[in-house]
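What follows is one chain in structure tokens, specifically the form predicted on its own.
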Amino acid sequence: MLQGLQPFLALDIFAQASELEAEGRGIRHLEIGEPCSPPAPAVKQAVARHLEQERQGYTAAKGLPALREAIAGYYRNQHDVDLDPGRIVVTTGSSGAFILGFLACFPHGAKIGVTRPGYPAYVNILAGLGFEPVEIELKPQDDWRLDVASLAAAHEEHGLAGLMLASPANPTGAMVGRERFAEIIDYCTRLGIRLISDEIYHGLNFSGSCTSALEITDDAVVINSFSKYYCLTGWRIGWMVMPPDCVRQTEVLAQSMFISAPTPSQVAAMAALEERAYYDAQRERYRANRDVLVKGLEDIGFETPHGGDGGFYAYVDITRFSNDSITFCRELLENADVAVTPGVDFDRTNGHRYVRISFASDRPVIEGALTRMADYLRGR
């Protein structure tokens, strides 16, 4: 029996909302981190041509050579990094990358630092694989950003083998600037802490640029995905860049655990990498949505909502209305037909004071949700 596992409440809320929709209710979905936009037209066209012309066999465990070359080109163009495609492993979404990265780079039972609030799957995956997650608290007065002092305190107390860090982060949207990121990486290097850099929200930046760990070090595990920026959530396709000493072990694990990522999804990924103008336009839609959401929440009376530096979430203090985010979300769904995610999904200690609201939906969905929230919260 696995200890310490807790449900992914965003998906639980989504399931409850879907049941209400099946009853005829018009739910406004702001709970799931999923772009409302389809893939770029060229992506669908490339996959259609491939499906007509090719059988759908396995690829090499590390992925199609052409895709790995294209990903290396992405790092060259976006981050000025000359990357050996042999270090790239194509995965079944970032989820598959986390599993491979943890298993390939750390001994059983290793202690891995994770920031809190943070993506709940980190803790569940680590615990499920037999590692020990060590939570490092982030605070709103620090704009939810990790600093070296907090990392050092966690390492001195627990002896960390690794650090899991996302920028932009889920659920806060916080980005770590290049200078601070370099300080964190330098500390990890000096103390022998392996960094796992979650970069799946790269490209969805609203202030400043996204710094890849690869711009600073070759020793980090870098994980990215085609789900968020590239609007390919259901295609389950991502990638990882491994430190040179972990590449072969990762490949062997991938051969046995996944064989290969789905071939049509790899074809879609190759086409998506060429369509940044389309995806940058989607980012600007999210930026406009963020501004609408933050203004609407302020008008309702939420305390200093902040839409974040990147990603597509607002992490919102609800203490004016409730001190129990699970009950708050259930009542909002039941009484206002609006689905948002309880903060305890991301912070089991302080998350009762927060909810996460996604602004990746169409603007009319967000505006309708704000109207319903205002009517319900002002009238109760």
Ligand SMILES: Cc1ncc(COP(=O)(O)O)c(C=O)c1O
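Being a predicted model, the structure only gives us computed values, none of them experimental. Numbers follow the displayed sequence, beginning with 1.
Omitted here: the form predicted together with the ligand. The next part is about that form.
K.L.:
Does any part of Ser94 reach within 4.5 Å of the ligand in the model of the complex? Heavy atoms only, please.
P.N.:
Within the cut-off, so yes.
K.L.:
At 4.5 Å between heavy atoms, is Val176 in contact with the ligand in the model of the complex?
P.N.:
So Val176 does not count as contacting the ligand.
K.L.:
Does Asn170 make contact with the ligand in the model of the complex, using a 4.5 Å heavy atom cut-off?
P.N.:
Yes, Asn170 is a contact residue.
K.L.:
Consider Thr250 of the chain shown here, and say whether it contacts the ligand in the model of the complex, taking contact as heavy atoms within 4.5 Å.
P.N.:
No - in the model of the complex, heavy atoms of Thr250 and the ligand never come within 4.5 Å of each other.
K.L.:
Considering the ligand in the model of the complex, find the one stretch among 140-148, 220-228, 154-162, 67-75 with heavy atoms no farther than 4.5 Å from it.
P.N.:
Partner-contacting stretch among the options: 220-228.
K.L.:
Check, residue by residue, if Phe102, Phe181 and Arg194 all come within 4.5 Å of the ligand in the model of the complex, counting heavy atoms only.
P.N.:
No, because Phe102, Phe181 and Arg194 lack any heavy atom that approaches the ligand to within 4.5 Å in the model of the complex.
K.L.:
So which of Ile200, Leu126, Cys188, Leu204 reaches within 4.5 angstroms of the ligand in the model of the complex, heavy atom to heavy atom?
P.N.:
Checked against the cut-off, the match is Ile200.
K.L.:
With the ligand left out of view, which of His306, Arg287, Arg236, Lys111 would have a heavy atom within 4.5 Å of it in the model of the complex?
P.N.:
The residue in contact is Arg236.
K.L.:
What residues, if any, in 43-63 have a non-hydrogen atom within 4.5 angstroms of the ligand in the model of the complex?
P.N.:
Counting only heavy atoms within 4.5 Å of the ligand in the model of the complex, no residue of 43-63 makes contact.
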